[in-house]
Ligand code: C5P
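Given next, in structure tokens, is a single chain: the form predicted on its own.
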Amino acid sequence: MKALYDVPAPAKLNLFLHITGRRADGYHLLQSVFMLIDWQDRLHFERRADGLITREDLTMPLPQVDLTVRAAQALQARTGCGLGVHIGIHKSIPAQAGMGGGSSDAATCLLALNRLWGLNLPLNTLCQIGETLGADVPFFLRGHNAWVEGIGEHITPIDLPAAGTLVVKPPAGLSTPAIFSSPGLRRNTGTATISGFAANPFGFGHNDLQPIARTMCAEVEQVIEWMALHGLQGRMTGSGSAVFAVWPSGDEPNALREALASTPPGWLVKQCSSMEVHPLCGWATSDK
């Protein structure tokens, strides 16, 4: 195998995000449910024999050393593999959105290179590498919608009802460190349970980062208000700035078409569907 083309990297939405405490080292304790959606980046991988790792941006420009390059470097370092790769990224998921696009790209890179380089590492080993790159990378590697706890390292697969979503990313982005360091951030939300969430999966809880984000970024507030005008309950995903509305599959809101026809200029708007599993689920073998 010399190349892999059009390898998908899907986004995620946080159906809720509660901050339940803070560790002595400053890391925040959270509870959340991550839901995969079909807004996807596409990555291309061409094997190199010279050990070099190079990248080509096929849409928007990315930092010189992005998470895919770091993922490839980390996999080389862990295994001593002498092969290299040229990576092409067709970026669709917006940055600074709270949708995990960079982490998803890194996970797809690890899964693809594990095959392309013939490494055959088990999933747990890839997740150990993924943890060094970002808290969300193991979620995308494991490939299932999940209940997430701790600082993001405790991942429990869960089944979710099929859902439709409207996702809006305004032009402005948000700094995740700035939100988490805000003195006004609520850090003592009570502990939730999976059974409590399951009773109302698309209306459960809230996003503790959203009140801070609304004060830091007027466009988050504008999107939430715009959705409310159309009868949609908007909620920010992750640390934003993307906002989404969600509904059970087949129960599309009557006002959705009207909302799509009145989108303010500059907003990135996409109607999406949930995914039951990651399209690369099974690309790495599970540990016995």
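Given the structure is predicted, the values throughout are model-derived calculations rather than measurements. All residue numbers are counted from 1 along the displayed sequence.
Below, we turn to the form predicted in complex with the named molecule, even though it does not appear here.
Can you check 21-29, 5-13, 275-283, 261-269 and let me know which stretch has heavy atoms within 4.5 Å of the named molecule in the model of the complex?
Every other range fails; the passing one is 21-29.
Give a yes/no on whether T176 approaches the named molecule to within 4.5 Å in the model of the complex, heavy atoms considered.
Judged by the heavy-atom cut-off of 4.5 Å, T176 is in contact with the named molecule in the model of the complex.
Considering only heavy atoms, tell me if G134 and the named molecule come within 4.5 Å of each other in the model of the complex.
Yes, G134 is a contact residue.
May I ask you to state whether F180 is within 4.5 Å of the named molecule in the model of the complex, using heavy atom distances?
The answer is yes: F180 has a heavy atom within 4.5 Å of the named molecule.
Wondering, does I151 line up within 4.5 Å of the named molecule in the model of the complex on heavy atoms?
Close contact exists here: in the model of the complex, I151 approaches the named molecule to within 4.5 Å, heavy atoms only.
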